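The structure tokens that follow cover one protein chain in two forms, given apart as structure 1 and structure 2.
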Structure 1
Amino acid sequence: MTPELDRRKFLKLAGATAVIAACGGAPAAAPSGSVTASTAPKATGRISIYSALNESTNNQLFAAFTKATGVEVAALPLAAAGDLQTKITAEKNNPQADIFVGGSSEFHDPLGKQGLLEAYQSPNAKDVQAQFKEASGLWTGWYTGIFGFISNTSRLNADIGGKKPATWDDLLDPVWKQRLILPDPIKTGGGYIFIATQIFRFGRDETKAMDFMKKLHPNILSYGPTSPGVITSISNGEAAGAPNWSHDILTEKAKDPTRVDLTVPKDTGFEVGAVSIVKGTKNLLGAQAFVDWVLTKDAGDLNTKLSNRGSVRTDVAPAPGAPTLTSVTLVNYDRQWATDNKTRIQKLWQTTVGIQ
């Protein structure tokens, strides 16, 4: 072989090595199945999102996701997480959603246990505390919400003498009779978490907690099908007050600070708002891209700005005036117990208050 042929052979081999290196290094050093940023498939197309967030948050949050990734969103906003859980369960043989977002983890976790969610451990979940996520990635928490109390200023002054509840027991006062609205504990995360909060407040004594719910029942004008809808009802003066999410109450108060107000009674509970991928998603890459994005600081900042919710990220500042997990008195809320016993507790409550 001539020197010129040797040189050509060397250059050809060197060129091939350069191409291999550009795609992830020499073959001997590349782990089996490894994918680099330059070769990883890019999320495209459209994803269908079942959302328990309110409409204004949906619109701007999803638009920001599309702008950041190019993946379009078709949203089904039902607001009631329980309804979405039921819908995803009913569609298990022909999934229509790619993503389930919003609503407390108590509504995501059972879907995971039924094999209806796709496990995905986002790289952005590495700094999320263990208490805010499912270990295998079936769902990941991305925001927090503290349960508070909304009062209609006019109705509170006229009907209740202007006294806001400092404890949940204050709501048993007969002065509140037929003047409260509670989010439906069957359909809404808020309603169920309210019941679970009472159970933990009474040291897991279910008898005492159900006695509280039974005594509270005559003071309830109605059980609202969605938590945001209950806030609208209070704002419109249909009742004097309602247990509800502090962040949504603050959002409503911003519209007219004189119409409604927020109080956080002691020994309250909180939610971990979750995101999960529906098993059988027709756009897995797009769904994973959404989970990745919603766990970013940009998404956390935007969600806090739009909704006054807290973030699981420590680098996202709370909304002005919003209560935080360290500024209120919380019950010792066992989220896994509340999740595992949800159906049983819901049925126990229905029996207790005579609602079927």
Structure 2
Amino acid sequence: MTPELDRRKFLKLAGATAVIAACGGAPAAAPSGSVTASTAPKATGRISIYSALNESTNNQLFAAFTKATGVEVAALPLAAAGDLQTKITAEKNNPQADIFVGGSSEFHDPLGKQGLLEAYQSPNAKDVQAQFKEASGLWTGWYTGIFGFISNTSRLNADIGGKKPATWDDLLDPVWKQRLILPDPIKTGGGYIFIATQIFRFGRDETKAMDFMKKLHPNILSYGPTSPGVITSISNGEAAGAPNWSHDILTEKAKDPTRVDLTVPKDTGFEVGAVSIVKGTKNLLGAQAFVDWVLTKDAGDLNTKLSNRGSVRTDVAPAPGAPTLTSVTLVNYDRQWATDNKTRIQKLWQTTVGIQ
């Protein structure tokens, strides 16, 4: 249906470009993938986006994109980035997505290694720091999220004595016994980033980090299956507090400021939310237009407003009350190492705390 149409349109456009190039009327044809936005034909049609962003963010963000570029969006939202990663892997014979957006880069990177992503150096990524993007352009980071701590105000006052954790080590205090929920390090990206953060905090001493996780274990009431679900649990007072994403905590706090609160303990970790183009896309121009667009200031401002996340652009102001990468103390988070060792660390943690 539409994808077929799109492809035909694209081929026509590509053909036209080639004719123009052959006539010498245009600058010398550049190798594919590095066509710059100014010389490329205008993106049209529709793109299919697999999105791990929040539903409310999706709707407004994509509407703004369509308004700005004229490219229509068919969105497939699933809050679980791992599901989308698996879906893209399983669809490799006939990719259904043009864009994979949202979710930390850990979910994009393996796809790139398997050759399932299309490298693209967006002109707008020029100023993005190297640590926020994959060198060859397989994925590009466009927002950041900082790991913080959500507390249920009434339970914090009643059970813990009102004291929020200033460091992660504070959570080892027996006063927290059975009063914490941790996003499951196996099932959620957040849970894994929490463990990786501990490893970097101890200077990559895995033994010390695992010792910390082992001591933390008795204080944990449960390991939550999704990060947002944990926030709901805390909001409902099932436990006193939980490590979680600052931006999601702020969103919850906005609903009822007296119920929950956010702190960011010292030496925390962060995620880089990525966008990537799926190899085999039927609308490469549209996909590139999307990557270009999410890296603009307008998109950054909108996303910050909608989701309380930070932007990789320095000219985008943070959401009110939101921590920034410079306002908190970060561990030296080696994203590549964390990604490469993910499976091993997860299994190590499972054996350490004796969960099977």
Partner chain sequence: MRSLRREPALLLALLAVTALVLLFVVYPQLQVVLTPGPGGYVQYLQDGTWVGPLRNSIQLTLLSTTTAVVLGFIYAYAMVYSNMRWKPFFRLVGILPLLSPPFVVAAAYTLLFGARGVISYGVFGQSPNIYGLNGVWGVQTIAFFPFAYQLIADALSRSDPRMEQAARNLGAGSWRVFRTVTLPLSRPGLGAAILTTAIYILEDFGNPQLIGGSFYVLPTEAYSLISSFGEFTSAAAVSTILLLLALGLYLAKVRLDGGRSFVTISGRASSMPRPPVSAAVSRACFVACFALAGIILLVYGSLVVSALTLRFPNNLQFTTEHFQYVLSGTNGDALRNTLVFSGVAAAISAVFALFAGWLVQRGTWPGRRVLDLLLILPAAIPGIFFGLGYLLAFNQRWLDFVDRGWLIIIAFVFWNIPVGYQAAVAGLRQIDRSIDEAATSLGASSIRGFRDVVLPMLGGSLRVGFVTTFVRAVTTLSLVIFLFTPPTTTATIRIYQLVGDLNWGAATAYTVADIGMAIIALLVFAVLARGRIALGAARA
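Note that the coordinates shown come from a computational prediction; the quantities given were computed from them, not determined experimentally. Counting starts at 1 with the first residue of structure 1 and goes up one by one along its sequence. Here the rigid core means the biggest group of C-alpha atoms that line up within 1.5 Å when the two forms are laid on top of each other.
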Problem set entry | Structure corresponding to the form predicted together with the partner chain | 2
For this session: Check, for the two-part rigid motion between structure 1 and structure 2, if Ile186 and Asn332 are grouped in the same part.
Result: yes
Seminar exercise, completed: Turn angle in degrees for the lesser rigid part against the greater between structure 1 and structure 2 comes out at 14
Exercise. What is the Cα shift of Pro174 between structure 1 and structure 2 once the core is superposed, in angstrom?
Worked result: 3.6
